[in-house]
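Listed next as structure tokens is one chain, alone, in the form predicted on its own.
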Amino acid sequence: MTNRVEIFDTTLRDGEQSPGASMDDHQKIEVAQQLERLGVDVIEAGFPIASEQEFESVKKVAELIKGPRIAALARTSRPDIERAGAAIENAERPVLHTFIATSPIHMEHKLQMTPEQVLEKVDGSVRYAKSLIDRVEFSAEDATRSDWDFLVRISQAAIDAGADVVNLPDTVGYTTPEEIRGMFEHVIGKVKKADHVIFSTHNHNDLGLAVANALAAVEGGARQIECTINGIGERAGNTSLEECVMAMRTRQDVLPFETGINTKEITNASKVLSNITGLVVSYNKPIVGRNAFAHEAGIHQHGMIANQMTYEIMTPESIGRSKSDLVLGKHSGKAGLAKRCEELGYDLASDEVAQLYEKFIKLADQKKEVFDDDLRILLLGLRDETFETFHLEGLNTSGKDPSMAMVELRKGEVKLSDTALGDGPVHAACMAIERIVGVSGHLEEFQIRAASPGKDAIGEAHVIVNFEKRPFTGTGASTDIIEAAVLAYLNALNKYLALTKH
């Protein structure tokens, strides 16, 4: 049996069914082009019978993408199969994917069909699909809650009718690794001509076992994994493409399988999908999460500086990231702090590192993360370079579209004020600040959250502002969210002024 595992990406079909993940034609094409660069074997472009818009988007993907196979999903009914066939007829390498449920609970309560009727349906639908499209995949929905001997009969019927791929999905994320491995071994061992088809696994993550189950299925004989970028999908999501691929690549000693994935496109794929759908990747998500290659603990940072492999089992470059991040926070040690200062261009003596560390820890206790510009400010203070900052003394805003803001700042003993118009109160206030200071910035990121409970909660604002194409972070807190945002902007501006002055 070959060790090559095909990657069947269903981000555009099953993934899009995740609440909030729907895409228009242009967005589907953009994701499909990224999947082509990623090197997936199959792109399941959608469910054409669902709507006219879905049909057209599948059709466009099928016509534009030339590398991977393009699959379209259909139930075991003639209208579904005909619609799917029409959507992918112009694809370079089309796949018609048809399915029906095989578990007792689905057959009785959803289909209201007997097992014999389901077998008959499989035979007829696969034969009809094969008459339209050369490559056909059959899926036994809810296979992991089906009788294994019945799955043998269903798989045999599909193979005899001409199926090229037989998929045994864990539709509701119910199974365990040992169980699904046994299921594939049982079915593959019992059917005739098993070596003439590819067995596929499609897992959901309801119990957090989708990736483990997919890999166990491969150990049991499956040679296609159906998965999605970032693991998006219905309910708790699908098998995560990047986790499966990197698990096989990293642990070749126990998972000696190969894929055709260009792993250096993994980060790009994750970002493209996240930007299009608005579904933010969890910071601690394996492989593609913001913290996947970030280290704050002092012991870890010291180890990373000595040898990257002490705390990383793969390189960030292998998935298309530029580098690992030594995050500076209250858990960081002197080694990590000195290393970051060196990267910023400051060569510190050991006594200077010790002095800086005391100031750093005090700041780190107040903030979750100490950014580069925060560190630069501490370094200025370390070397007795002082600077005056602007303080917010007064803020009044009024009106909508446009809004007007009057801002009063204090620098030392001097008070300065100005008024400006803007698209909203925060924009107007920032414009007034820029008029007073004589410096203009571009707001790149703006986040605000409640830092305390209750109606009078303190709003905590975080911004990233570009001054002369350099990013500066700022934070501010107030019971008034407009004031919190203005304070954050002013905080970033003060950092820029301090660092450009010296």
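The model shown is predicted, which means the values in this text are computed figures rather than measured ones. All residue numbers refer to positions in the sequence shown, first residue = 1.
The protein also exists as the form predicted together with 3-methyl-2-oxobutanoic acid; that form is not presented, and the subsequent description refers to it.
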property: Heavy atom within 4.5 Å of 3-methyl-2-oxobutanoic acid in the predicted complex - residue from 372, 408, 265, 141; result: 141
property: 3-methyl-2-oxobutanoic acid: the contacting residue among 224, 171, 125, 175 in the predicted complex [heavy atom, 4.5 Å]; result: 171
property: Partner-facing stretch of 153 to 161, 95 to 103, 182 to 190, 113 to 121, counted where any non-hydrogen atom is within 4.5 angstroms of 3-methyl-2-oxobutanoic acid in the predicted complex; result: 95 to 103
property: Residue 213: touches 3-methyl-2-oxobutanoic acid in the predicted complex, heavy atom cutoff 4.5 angstroms; result: no
property: 4.5 Å heavy atom contact, residue 14 and 3-methyl-2-oxobutanoic acid in the predicted complex; result: yes
property: 3-methyl-2-oxobutanoic acid contact at residue 73 in the predicted complex, heavy atom, 4.5 Å; result: yes
property: Close approach of residue 240 to 3-methyl-2-oxobutanoic acid in the predicted complex, 4.5 Å, heavy atom; result: no
property: In the predicted complex, residues of 24 to 52 near 3-methyl-2-oxobutanoic acid [heavy atom within 4.5 Å]; result: none
